[in-house]
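First comes one chain, alone, set out as structure tokens in the form predicted alone.
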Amino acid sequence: MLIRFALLGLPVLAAATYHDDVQPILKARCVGCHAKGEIGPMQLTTYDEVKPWARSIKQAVVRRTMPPWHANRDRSVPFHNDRSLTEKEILTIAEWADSGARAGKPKPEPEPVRVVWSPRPAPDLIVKVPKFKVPAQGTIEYTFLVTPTDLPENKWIASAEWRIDKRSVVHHMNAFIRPKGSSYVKDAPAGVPYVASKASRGARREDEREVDRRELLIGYEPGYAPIPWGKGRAKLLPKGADIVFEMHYTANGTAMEDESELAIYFATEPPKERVLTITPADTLFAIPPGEPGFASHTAATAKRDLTLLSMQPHMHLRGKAYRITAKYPDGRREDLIDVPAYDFNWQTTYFLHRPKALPPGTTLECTAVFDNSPNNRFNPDAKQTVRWGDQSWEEMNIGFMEVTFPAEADPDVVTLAGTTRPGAAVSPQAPAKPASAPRPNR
């Protein structure tokens, strides 16, 4: 077969076909979102489904808007779940679309790619949302659902997955493990959706460590797909602990009932390593009106040897860029992830291709940059001073990171610290709600 050389001198098959050339790319990079029940607006699992979209697919991959991937390769470590296409893959799709989007010799269609990554088909525990009514309009406060597990002994969770029902109205869902006796939303009734006060959500006993208060099991945001922690790794569900859902819905003009659920799979043998999510956050920033590049900082310092598995920057509609840098005890600095163009609609969790060893004293520095100027087309109101808050028209700076350490070790493994840019106000009061807060497309 003749080979034609194109952009950057990379070879592309002149007679690219769907079955020989395009289907493997879509299966590896696209079908996880563009399959039945997933977040993609159309299915791309068969030739008949793909062909009508050939031109649109070409435009999206050439412009690099799809598949969505926001980490700068030159300033980030390699990631296991990198969805970005190579130049050769982009040219192959473009060649195929331009040459008539031919099918080629039929082959068996691949099995649909499921987001679930558990090795077993049936979960050991399912926690359900009991038909939560989402109104067509209005602001919906964070809602909590407490589910007692009543476990007679400690259990290790090898994997978990969200099965989101009404994606169009789910802003995010977090599942927390709440140990027995925790002060976290301690007055919330069991089994009933409950709007907890900010005082109840922030309550903490003077001697209570974060790991004894709550631990993030798994979260869902637009664009999230779980990846295995790896053999011999698990999260701990202590005896008598509760599973607490933190649910945030956003009205989209149509009333709905959501019945999302969380599937949990227990480890079949004790793990060697415990997985823990750490959440350094800056809650005291104040972004001035019209500011196009406000920087907020937070950090976590390792108390012992740790291994870093994943990272997820989290901001809202004014989020512009995010970087996490490791500062090692010997003074070396290493950029772990650089996201120059943060996208609220695709809050990717970045799983390291090779987990990173963090010796004691390593500080993970998180820098969030916000655009509160009129040039930000998603900005709800450039005239407001913006502070920490739950809703999308407010802001957050959280660097979610999953780390591992020996399973039998004390889980109090990091020191968290948050700071603000010099001169920034530190009042925790929230900004006034804008008259009409825009909702980005999902």
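Predicted, not measured: the structure shown is a model, and the values here were computed from it. When you see a residue number, it is the position in the sequence shown, counting from 1. Only the largest set of C-alpha atoms that superpose within 1.5 Å between the two forms is called the rigid core.
There is another form of the same protein, the form predicted together with heme C; it is not shown, and what comes next is about it.
> Answer yes or no: in the predicted complex, does heme C come within 4.5 Å of a heavy atom in every one of Arg29, Pro67 and Pro222?
Result yes, every residue of the spot touches heme C.
> Among 379-387, 40-48, 392-400, 409-417, mark the stretch whose residues have heavy atoms within 4.5 Å of heme C in the predicted complex.
Within 4.5 Å of the partner lies stretch 40-48.
> Given that heme C is not shown alongside this chain, does Leu308 nevertheless sit within 4.5 Å of it in the predicted complex, heavy atom to heavy atom?
No - in the predicted complex, heavy atoms of Leu308 and heme C never come within 4.5 Å of each other.
> Are any of the heavy atoms in Phe405 no more than 4.5 Å from a heavy atom of heme C in the predicted complex?
Contact with heme C, no.
> So in the predicted complex, does Ser56 come within 4.5 Å of heme C, heavy atom to heavy atom?
Contact check for Ser56: yes, within 4.5 Å of heme C in the predicted complex.
> Using a 4.5 Å heavy atom cut-off, state whether Arg83 contacts heme C in the predicted complex.
Judged by the heavy-atom cut-off of 4.5 Å, Arg83 is in contact with heme C in the predicted complex.
> Superposing on the rigid core, is the Cα displacement of Lys27 between this form and the one not shown 2 Å or more?
Yes, the C-alpha moves 2 Å or more.
> Could you check, with the core superposed, whether the Cα atom of Tyr220 shifts 2 Å or more between this form and the one not shown?
Passes the 2 Å threshold, so yes.
> Does the C-alpha of Phe294 move 2 Å or more between this form and the one not shown once the rigid core is lined up?
No, the C-alpha moves less than 2 Å.
> Work out whether the Cα atoms of Thr250 and Arg83 come closer together or move farther apart in the predicted complex than they are in this form, the change being 3 angstroms or more.
Relative to the shown form, the pair is closer.
> Tell me whether Glu395 and Arg167 end up closer or farther apart in the predicted complex, going by their C-alpha atoms; the shift is 3 Å or more.
Residues separate in the predicted complex, at least 3 Å farther apart.
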